[in-house]
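We begin with a single chain expressed as structure tokens, specifically the form predicted alone.
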Amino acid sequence: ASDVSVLWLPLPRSLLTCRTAEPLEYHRSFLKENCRPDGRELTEFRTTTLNIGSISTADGSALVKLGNTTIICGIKAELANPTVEAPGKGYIVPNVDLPPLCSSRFRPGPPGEEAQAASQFIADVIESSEVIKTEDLSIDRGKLCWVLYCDLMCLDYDGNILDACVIALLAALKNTRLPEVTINKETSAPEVNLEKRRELQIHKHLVSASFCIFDDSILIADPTAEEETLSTAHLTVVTDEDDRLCSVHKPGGTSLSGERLQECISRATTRQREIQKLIDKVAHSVKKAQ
């Protein structure tokens, strides 16, 4: 007979629940304890890192990592003719690309629904907030203006691409330098001086904060791709440095009480200050290194 006795203790339910077979129950086991599988609190954002000026061939660029989600933004300025309706304005054309390399959920071919929705969201935010006034892009009224093509590509998809896109866009715009353009009086042709460049004037420092609703009641910030899939609603709040609400984007799903919406707005204003501080710090270090 053996003198060793074995004591069997029941495992916690959170460990018994299979993440693959029952992902929703797996997440619920954490949410009941007011935390998440990655260790974050419910309204905590993932670590955000930023690199500015990483694309030497672009007029402005930035790379953002929000947890594992990675977005790179390159801005290319081109000369064009203004429209008849807006002779004293230029254009800003954003485009979000979600290629197959960033996630197995995307397929080769034309932009999918999520990419198109993200591009439209960015375009609406630019227009409604006037982060850059298109009048500043005019060179010769009715004849010549700048078009800023803002290409945002996802390199790694793990949820919440809207927040990462807004940060990358703002940082890239702050990094953009437009060459000096003069009009030749004799030929009326534009002459571009690549040696002399000017910064864009940023009128609003926009930051978005995205949230998800679990089980129609639990609010979480900065959702991962898995959390987005399991949630019952998504919400993105965009604010500026004056705590002004610039945009609220909620594509269907569970309704949200006024109290919960105010909670999201309050968290978004705090997030705005955090991200603006990060962008200013990185932009200053880049200028110092030049």
Partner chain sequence: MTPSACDKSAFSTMEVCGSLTVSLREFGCEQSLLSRPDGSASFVQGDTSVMAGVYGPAEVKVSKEIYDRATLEVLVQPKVGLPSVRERSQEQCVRETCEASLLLTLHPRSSLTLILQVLHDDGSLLSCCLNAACMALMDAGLPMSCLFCGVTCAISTDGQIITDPTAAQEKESRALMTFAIDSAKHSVLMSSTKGSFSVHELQQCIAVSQKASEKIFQFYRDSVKRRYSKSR
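Source: prediction; values computed, not measured. Numbering follows the first chain given and starts at 1.
One more form of this protein exists, namely the form predicted in complex with the partner chain; it is left out here, but the text below deals with it.
With the partner omitted from this view, the residue of S54, S247, S29, T43 that lies near the partner chain in the predicted complex is S247 [heavy atom within 4.5 Å]. Think of it this way: in the predicted complex, the partner chain has a heavy atom of just one of Q120, Q201, S188, N193 within 4.5 Å, and the residue is Q120. Contact between G39 and the partner chain in the predicted complex is not found at the 4.5 Å heavy atom cutoff.
The shortest heavy atom separation between E127 and the partner chain in the predicted complex is within 4.5 Å. Of the heavy atoms in Q116, some are within 4.5 Å of the partner chain in the predicted complex. Contact check for T48: no non-hydrogen atom falls within 4.5 Å of the partner chain in the predicted complex.
Stretch-level contact analysis of 248-256, 217-225, 66-74, 30-38 against the partner chain in the predicted complex, using heavy atoms and a 4.5 Å limit, identifies 248-256.
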